[in-house]
Ligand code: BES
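Coming up is one lone chain in structure tokens, specifically the form predicted alone.
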Amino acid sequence: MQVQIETAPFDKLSPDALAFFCFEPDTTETHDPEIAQQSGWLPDLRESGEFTGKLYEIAILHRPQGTAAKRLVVIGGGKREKFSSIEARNSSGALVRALKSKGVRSIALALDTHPAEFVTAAVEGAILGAWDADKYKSDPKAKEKPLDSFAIAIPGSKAGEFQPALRRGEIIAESQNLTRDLVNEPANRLTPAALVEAAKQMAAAAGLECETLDRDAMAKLGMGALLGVSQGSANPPFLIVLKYQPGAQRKTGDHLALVGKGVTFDTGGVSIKPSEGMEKMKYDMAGAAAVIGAMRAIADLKPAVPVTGYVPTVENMVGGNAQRPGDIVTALSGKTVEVLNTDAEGRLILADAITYAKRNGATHLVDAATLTGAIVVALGHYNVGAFTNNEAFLGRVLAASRTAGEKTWQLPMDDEYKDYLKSAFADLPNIGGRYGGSITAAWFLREFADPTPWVHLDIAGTAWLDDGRAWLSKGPTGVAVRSFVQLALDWQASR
């Protein structure tokens, strides 16, 4: 899909659909765009209650007078005073999803207030809204035709004035869609080795350095926690390392590490999961995919801080050589772990990746993982759960998430929760019982992250949509990509 800025007057634009935001009236005056009031169409809709301006409401006028466009579309923006780049992003996605199903191939969206952040957000929303999880449908009739073009209409603006903002939105959204593509792949097609190949292809195209550690290399280093998880699968494990260096514009001695859980399929191992819903366990590598997508965008947008992505990738399978409950493994850090539940495998592979990142110079760590069902119970499907050993660093991550429009909520890490992690036979167990499951999982990771400033993002409830939303299709969301990228772009040297 081509994205662009249109600077011509509205009545000269000729897309299949010319769209405007209209808001809920706060007085008797609506301040609707003049072109959207023509022939009494919009006032009549408001009077009848068919269109009120609530978020994501859409009304369409075909063959409108006074413009070359085939359709005039109004989309509700809610309360004007609450309209932010978040609403602009979601509304743009909702517009695209509503119109492409009606055969619209080109859209121009008018912005009457147009700071660069709104342009970026609207472009992101359009590209994200255009994505569908229908890659493997063989019947062409079952697939919606893609949009040919999406434009931001800002009459009278200077050529190139908003091009950087548009390009930024395009880069970030395409990177998020890469993440969604990877998460959407079934496990018979996306094995750990296939994820390695996808990362290599992305790195080659983006100009990133890519290293891969295989089973033998990890065994020599002593990554017993990661290798224990993988030993039941015929598909070998890997640790992918993606490196970005800012070059001459580097302004900081910090080194940011992004770590993503990459379990390409999770049966639960010997502690096997129920069959219902297990097909979705292909998305247990959503954290890994978020790191790969974010590194693609970071390579293009060139923040001032060095960033390295670490992707430990395995299958957690049942087999004659599978890890058993009660096994004790030695992690790369030297800590021993009693494996009480083989379905608590993500924290094991992340532990070794976090230790490896620290050994390779990481001064700040953020990991993203579909780690616990407990986080879904706590926060549902709307907020990412955040945990930290450093409040100042968490503040930076939360600020980036707010700017990126990804809802994130901090959960506690009080010392008392660590008491749930006790083993009579090893340094720590891999689970802490039924209470505070997402917190004890975070505490397990903290044992390997300390003292490096670290934030853990549990995305188990937000990485997958069982039902689509107005602005996003059913399936993978690509969550954490925008937060990762924003964190790197906002980076200032720690003091």
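In this text, residue numbers run from 1 along the sequence as written. Values in this document were obtained by computation on a predicted structure and should not be read as measured data.
Missing here is the form predicted in complex with the ligand; even so, the following discussion is about that form.
* Among 232 to 240, 153 to 161, 134 to 142, 275 to 283, which stretch has residues whose heavy atoms lie within 4.5 Å of the ligand in the predicted complex? -> Flagged stretch: 275 to 283.
* To do: Determine whether any heavy atom of Asn321 comes within 4.5 Å of a heavy atom of the ligand in the predicted complex, and answer yes or no.
  => Looking in the predicted complex, residue contacts with the ligand do not include Asn321, since no heavy atom lies within 4.5 Å.
* Asked: Just to confirm, Asp181 within 4.5 Å of the ligand in the predicted complex by heavy atoms?
  -> No, Asp181 sits far enough from the ligand in the predicted complex that none of its heavy atoms falls within 4.5 Å.
* Asked: Quick one: is Ala331 in contact with the ligand in the predicted complex, heavy atoms, 4.5 Å cut-off?
  -> Ala331: no, not in contact with the ligand in the predicted complex.
* Taking heavy atoms and a 4.5 Å cut-off, does Pro115 contact the ligand in the predicted complex? -> No - in the predicted complex, heavy atoms of Pro115 and the ligand never come within 4.5 Å of each other.
* Given the ligand in the predicted complex, answer whether the residues Arg296, Glu406 and Val481 all have a heavy atom inside 4.5 Å of it. => No: none of Arg296, Glu406 and Val481 comes within 4.5 Å of the ligand in the predicted complex.
* What is the one choice in Asp327, Asp254, Glu170, Asp343 with a heavy atom within 4.5 Å of the ligand in the predicted complex? -> The residue from Asp327, Asp254, Glu170, Asp343 that makes the contact is Asp343.
* Find the only residue in Thr370, Gln176, Thr313, Ser92 having a heavy atom within 4.5 Å of the ligand in the predicted complex. => Contact residue from the list: Thr370.
* Heavy atom within 4.5 Å of the ligand in the predicted complex: which residues of 415 to 433 qualify? -> The stretch 415 to 433, when checked against the ligand in the predicted complex, contributes only Ile431 at the 4.5 Å heavy-atom cut-off.
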